[in-house]
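In structure tokens, one chain follows: the form predicted alone.
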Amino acid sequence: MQRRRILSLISGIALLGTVAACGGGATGGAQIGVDYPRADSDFWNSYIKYTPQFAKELDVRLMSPTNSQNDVAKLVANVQAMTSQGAKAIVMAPQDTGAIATTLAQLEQKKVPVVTVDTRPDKGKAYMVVRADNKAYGEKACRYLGEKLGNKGKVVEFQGALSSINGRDRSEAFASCMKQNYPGITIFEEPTDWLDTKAAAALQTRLTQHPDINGIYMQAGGVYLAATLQVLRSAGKLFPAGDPRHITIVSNDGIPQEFESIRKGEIDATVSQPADAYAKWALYYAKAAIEGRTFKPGPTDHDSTIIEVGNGLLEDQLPAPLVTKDNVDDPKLWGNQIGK
């Protein structure tokens, strides 16, 4: 009888050890919920591929991810489902940054920390915002186009959704820079709501009205690239860089397809938005939130800077380099790494 009790105790201890091992590492088995914002963009599809990779690297336990498909109502429903299923932290990328405040307030009441990726909420609290400086995107695009076009010509700008802080930041910075530094360039602002169909229609109209257009700024190459090249090809205006008829094109995202277009001379530059770093550091901060860690403004150990953007909200601004034909083959760029 005594031997049976000892064996039973040993088995119980072994079972407890197995349960503890299955629970994860530093997060103690706490679940992190991730909502993907959309799957109709090559950029976001790259982010989606990186997320489980870095979850494994960081020893993070992910719940089954959801996808809100650029619909804030779906995002709200997905978040509610994840919290009811026991999520201890949420990673999200709200595309309508003005409509998520109520959900953030509810999560705060439930003590579920939130990390937002790529976008910053207009109102409400988040544990950390993982983002790049989107005003710098517009500024870099402006400077590149302004210099290449010699402060003259006509540029079509595909604006992202102005309900998103990213669309506003890129648009405002681009407009301000152009007005101040390149007043000789005419800008046609085309709101697109991040939809390639709207961008294509706008470009077709502008090319008909102004066949002398010599520049394009795409605020999201992952959305607009294929449609833009198709419109230019159909209109007989897709000429390689170096040809005097070439339309200078600057993009934002840094996807492999943009890099290939730069190599071909179809487009000229893009700002590499860090899909890999977004996935890694969003999960890092979600894990840190569960562990009760805190951060403050200043330089980080991963070549970024945490800034306070108001009301105590912190934003880790990750580097986003300009990519041209001179550095498009740099192996450090995530667009040259993914899938390898």
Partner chain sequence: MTKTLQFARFRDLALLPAIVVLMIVGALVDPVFLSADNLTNVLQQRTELSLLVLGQALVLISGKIDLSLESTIGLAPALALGLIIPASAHGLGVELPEWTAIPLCLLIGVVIGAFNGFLILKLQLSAFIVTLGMLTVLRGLQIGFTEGQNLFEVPLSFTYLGSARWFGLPASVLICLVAFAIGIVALAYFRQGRSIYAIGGNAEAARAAGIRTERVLWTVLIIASLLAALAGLLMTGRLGSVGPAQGQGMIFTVFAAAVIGGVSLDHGKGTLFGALTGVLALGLIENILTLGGVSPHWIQAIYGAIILIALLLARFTSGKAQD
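Residue numbers count along the first chain shown, from 1. Every value quoted in this text rests on a predicted model; they were computed, and no experiment measured them.
As for the form predicted together with the partner chain, it is not shown, yet the points below apply to it.
Novice: Which residue among 77, 213, 162, 241 has a heavy atom within 4.5 angstroms of the partner chain in the predicted bound form?
Specialist: Among 77, 213, 162, 241, a heavy atom within 4.5 Å of the partner chain in the predicted bound form occurs only for 162.
Novice: Of the options 84, 151, 109, 197, which one has a non-hydrogen atom that comes within 4.5 Å of the partner chain in the predicted bound form?
Specialist: Going through each option in turn, the one that passes is 197.
Novice: Heavy atoms within 4.5 Å of the partner chain in the predicted bound form: which of the stretches 265-273, 119-127, 183-191, 143-151 has them?
Specialist: Contact criterion met by 183-191 only.
Novice: Would you check, heavy atoms only and a 4.5 Å threshold, whether residue 237 touches the partner chain in the predicted bound form?
Specialist: So residue 237 does not count as contacting the partner chain.
Novice: Verify the contact flag for residue 315: yes if a non-hydrogen atom of it lies within 4.5 Å of a non-hydrogen atom of the partner chain in the predicted bound form, no if not.
Specialist: Because no heavy atom of residue 315 falls inside 4.5 Å of the partner chain in the predicted bound form, the answer is no.
Novice: With the cut-off set at 4.5 Å between non-hydrogen atoms, does residue 304 touch the partner chain in the predicted bound form?
Specialist: It does not: once the partner chain is placed as it appears in the predicted bound form, residue 304 has no heavy atom within 4.5 Å of it.
Novice: Taking the partner chain as it sits in the predicted bound form, is residue 247 in contact with it (heavy atom to heavy atom, 4.5 Å or less)?
Specialist: Result no; residue 247 lies far from the partner chain in the predicted bound form.
Novice: Can you tell me which bits of 248-274 touch the partner chain in the predicted bound form, meaning any heavy atom within 4.5 Å?
Specialist: Result: 255, 257.
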